[in-house]
Ligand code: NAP
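This document starts with one chain, in the form predicted alone, laid out as structure tokens.
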């Protein structure tokens, strides 16, 4: 059997292993299958290539350009994922594990691509929050903006997810406009290398946008500055060493860590045997113990159950785990594969020995269990192991020792307050889950445990059919946790993109802020187009283009007709004496929605044209009552344009309704879809 040379991709060149390479064994057989690493990489050249070539190329693209690039990359990987499946078996992963890692990573790219198109502008600057008026008349304003950092994102990833672990960091970095240097764990780097080769071969990435280090990083961290970002996933011990790098501290280099986590899962007091919640809890706990052979940062390490239900839970969970077939992941009958290496197996057994000092092993003998597959007898296999700690209050090691394998400990709690206290003894975790059908239990656990956890996952009979699982981080939601878990916040939608951007406060006149953001700002110059704006196509409209309508007088008859026609006979519109007693109104006033209807009648051009649909309005505020006899008119201004497809785009209009004294009476933003 030939040994695979796993290369690095540095400054545009593939570099094969040399005398500094390390051998990599198959998790299934224990035989050497690959080697990776170099005695020395030119890290300076790699960073220079990212900063001078990759970064400028990415920043020339808009957010939408980069989102389209991510979508195309995800589609390309999806078409070739079988290649990655085939490589991944030797990591010990089953087909279900591949889908968690490979399909999950590809899905994450799709989500960021979609969010980039829907939630970010087709521009180079991301406005962050609203306009702040810093002067009396509005001639001096403030706006927070986000722009890409000009350095490199250095991603140091763990062994357990060689594809997802890379893509969940890479997607937000590329969307932000920042090139990445990816360093996977050596034990599974051959899968990551296969994924990188697929992406580079697609031709979709600008030169310098992605580089790969298979092996050690050398002195790269010593060369970073304040424009660079380090993203780390791994052990708390390694994170502490990296955080303490003097250069990172001196230059205030951003460091995001996702590290050890003693995650807990709580069985609610209402979830007794025979309820859907009890069965759901057993199913989820078994899945988290066995998926990726328990090698997940989000796996359930501590199972918290009412003391009265501990025996029933142990029996039910042991029965389910006892049916798990362990062995060669390439075989259909196998339900749990191997740990990633013999070294990892030894580490898990060492941690198990620590746990045995405080808990009784009730399932899983690591010295006596069956392994399927004739070729797998030398692999890094362990059975699912379940422990029972009868005194979790006095115990210490069950709350601070993570056996990163198919291992979990059951412990009883007296009441919800006690359960929360035990969950929080993990010292900061990525996720805590709760299975209950009682909303008050859910509230109590959330209020008590949220400060110690990055995610609270609650499930019951209502959500179980569509829930994603305790251990499944989603790109829409924050992935990270306080304390022991590292204090980082990856993913989280566009929030994760901002980790690779600088937030800057920009101050100036409305015209200056409009020029910077590409959006019209109230108070900035307005222009008049050559035709009614509703007669102009998406590409023809420019921010600041304004239509000022003729006035319309609102009569008492209008108000009464609207009330009768709609059924809205609220007293402020119909009863003069009652309206006069209201501190907000001078007497009978027009309906707010009547004003919106009249405004549309004033600015809408009725003929067929480029405006395809009115899709909604944002930020509606009624500012001053309109009495019978007042005359209203509308200022309709193009605020921003966002492409949606090749055929149409979204136009955001700033709408201001004013009275005869030019006083604003209502203000909102109208959204339309306009033909391209």
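Residue numbers count along the first chain shown, from 1. Predicted model only: the values in this text are computed from it and were never measured.
The protein also exists as the form predicted in complex with this ligand; that form is not presented, and the subsequent description refers to it.
Annotated contact segment (heavy atom within 4.5 Å of this ligand in the predicted complex): 159 to 167, selected among 307 to 315, 84 to 92, 198 to 206, 159 to 167. Contact annotation: of the candidates 72, 217, 506, 131, the single residue with a non-hydrogen atom within 4.5 angstroms of this ligand in the predicted complex is 217. Residue 260 is the only one of 277, 97, 193, 260 with a heavy atom lying within 4.5 Å of this ligand in the predicted complex. Among residues of the shown chain, residue 602 is not one whose heavy atoms approach this ligand to within 4.5 Å in the predicted complex. When this ligand is considered in the predicted complex, residue 108 lies well away from it, no heavy atom lying within 4.5 Å.
When this ligand is considered in the predicted complex, residue 183 lines it closely, a heavy atom lying within 4.5 Å. Although the partner is absent here, residue 238 is a contact residue: one of its heavy atoms lies within 4.5 angstroms of this ligand in the predicted complex. In sequence order, 232, 233, 234, 235, 238, 242 are the residues of 225 to 244 having a heavy atom within 4.5 Å of this ligand in the predicted complex; the partner itself is omitted from this view.
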